[in-house]
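Next up: a single chain in structure tokens, the form predicted on its own.
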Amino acid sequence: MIRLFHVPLSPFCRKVRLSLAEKKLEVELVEERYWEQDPDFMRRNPAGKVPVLKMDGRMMAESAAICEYIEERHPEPPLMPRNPEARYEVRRIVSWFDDKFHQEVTSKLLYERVNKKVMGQGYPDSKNVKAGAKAIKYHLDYMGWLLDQRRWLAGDVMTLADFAGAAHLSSLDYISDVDWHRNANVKDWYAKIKSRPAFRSILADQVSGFRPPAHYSDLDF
């Protein structure tokens, strides 16, 4: 049995969930209040963060490493290309979302609006929210520029790069923080990826105290 210790709106957890689902690997999802630093959880991952995946008798942390492990153990259908140049581009885009996008957008919007309330850490910082709302425009424009040249974010086939981007945007879409009218290419790309069977469990997520917009689970927006 594969078990994933996760938080529903965490884009890092969602990236792992999408990888597992795309490869049709059944997984038991265990919600983890990692911020409480439960001793059992800290033994699973001394870094004290999610996701943590139990698979093949191993306990694994760090979403990028987990996704590459899944890819190597279950290479079909592939989420990483075979040639080095294309693999580099996938890793670059994944890092873009998990580092730059996360720091400039996700941590400023999702964490302020949702995580602080869930964790009992007070109210959103309006400066951070404004900064995130401004930064996401730049990132959507960059994604639109990429999609002007390619069918998918990292090339002509769907890869882990698309799941990384969709994981962040879907989390933000749950709280209505994505302007889907800003770029038609991005909206069309998200509609394609959102309609995949791998996305079903993510679109069914419900977070207590927060209701997603009507379009969140609508495959046609």
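All figures in this text were calculated on a predicted structure; none of them were measured in a lab. All residue numbers refer to positions in the sequence shown, first residue = 1.
Only in words, not in the display: the form predicted in complex with a further copy of the same chain, which the text now covers.
Contact between Val157 and a further copy of the same chain in the model of the complex at 4.5 Å, heavy atoms? No.
Problem - Contact test in the model of the complex: Ser107 vs a further copy of the same chain, heavy atoms, 4.5 Å - result: Ser107: no contact with a further copy of the same chain in the model of the complex.
| Partner contact for Arg196 in the model of the complex: a further copy of the same chain, 4.5 angstroms, heavy atom | The answer is no: Arg196 has no heavy atom within 4.5 Å of a further copy of the same chain.
- [ ] Spell out, yes or no, whether the shortest heavy atom distance between Arg91 and a further copy of the same chain in the model of the complex is within 4.5 Å.
- [x] Contact with a further copy of the same chain, yes.
* To do: Identify, from the list Ala184, Ala191, Val30, Ala47, the residue with a heavy atom within 4.5 Å of a further copy of the same chain in the model of the complex.
  => For this set of options, the contacting one is Ala47.
Quick one: Arg73, Ser95 and Tyr138 and a further copy of the same chain in the model of the complex, is every residue within 4.5 Å by at least one heavy atom?
Every residue of the spot touches a further copy of the same chain in the model of the complex.
Practice problem: Given that the partner is absent here, state which listed stretch (159 to 167, 174 to 182, 22 to 30, 51 to 59) has heavy atoms within 4.5 Å of a further copy of the same chain in the model of the complex. | Solution: Looking at the partner contacts, the answer comes out as 51 to 59.
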